[in-house]
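Only one chain is shown below, in structure tokens, and it's the form predicted alone.
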């Protein structure tokens, strides 16, 4: 039995080897270059060859970590990503449960609408939401005004910090929940009906069945969806940059990816921008690692 188990393990490694080689080629080398650039004084003169590279060691990281602005943006990014992840999981899972109970036609319409949101390019989706919430011509302001909320006429959703973050978070949840919906719906449909029937025969309520039977079965899928959402939402760039015009008034809506862009390209400090990228990569690995470890401890 042990020999057969080891043989299956070796076979699995052989099957995974081509994918591992491709991942190393596509991920390891760019990350290596990112780390190398972060160790140099690398600006536009160095990029154009007009000035020699100057090795700084960890000076870029010292500069970054001693900047209060970085810590403020980091905290903002973590909170904003957490809101987006939780919102995406709640909306996607709730709609998956609804789709499982709906009839064929409503379910088909729901999936078509969800896949349409998922397939919409990020740039196009951001501009559509900006148009809907436009200060002067937006449909949302007009609808709220017609319902008696006269103060919403001419209201700017992107001027105030929390209002702008809320609008961007709503757009991110809108374009991200279809992945959770499809994933969780597939998991729910894969649960044997006999399991649910057995729980009902044992006298379990619907809530007890959901928490004690269905949720443990769906936990691996939920973990995958959560990790994907964390990665996507932690490194969000396009929605923030487009919908808040580069980070909001006085940079009040900055997140780490936009902050790195400003440092690297607007400020021509490519080494410092690369250092932010390295810090983001390390943080993502730590967050996802801690989450996976916590989920394993639940079992």
Partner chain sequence: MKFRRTLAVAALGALAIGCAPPQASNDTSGQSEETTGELRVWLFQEASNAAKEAVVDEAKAEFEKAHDGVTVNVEYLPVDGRASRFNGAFNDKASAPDVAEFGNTDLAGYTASNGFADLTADLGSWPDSKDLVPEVLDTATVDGKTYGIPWYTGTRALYYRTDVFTELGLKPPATLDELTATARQIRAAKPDLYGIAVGGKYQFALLPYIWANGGDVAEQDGETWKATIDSAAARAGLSQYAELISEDICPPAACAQLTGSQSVAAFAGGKAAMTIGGDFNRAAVDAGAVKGKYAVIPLPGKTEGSIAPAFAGGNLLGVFASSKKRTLALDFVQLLGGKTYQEKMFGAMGNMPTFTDVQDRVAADDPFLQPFIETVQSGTRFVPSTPAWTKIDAAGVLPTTVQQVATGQLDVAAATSAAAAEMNEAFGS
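Residue numbers count along the first chain shown, from 1. All values derive from a computational prediction rather than experimental measurement.
Note that the form predicted in complex with the partner chain isn't included here; everything after this is about it.
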Triplet 76, 83 and 291 all within 4.5 Å of the partner chain in the predicted complex via a heavy atom:
no
Between 47, 28, 58, 65, only one gets a heavy atom within 4.5 angstroms of the partner chain in the predicted complex; which residue is that?
47
The stretch from 134-142, 191-199, 84-92, 207-215 that lies within 4.5 Å of the partner chain in the predicted complex, judged by heavy atoms, is 134-142
Non-hydrogen atom contact residue 255 with the partner chain in the predicted complex at 4.5 angstroms:
no
Contact between residue 156 and the partner chain in the predicted complex at 4.5 Å, heavy atoms?
yes
I'd like to know whether residue 70 contacts the partner chain in the predicted complex, with contact meaning heavy atoms within 4.5 angstroms.
no
Using a 4.5 Å heavy atom cut-off, state whether residue 244 contacts the partner chain in the predicted complex.
yes
Residues in 254-281 that come within 4.5 Å of the partner chain in the predicted complex by at least one heavy atom, in order, are 262, 266, 267, 268, 269, 270
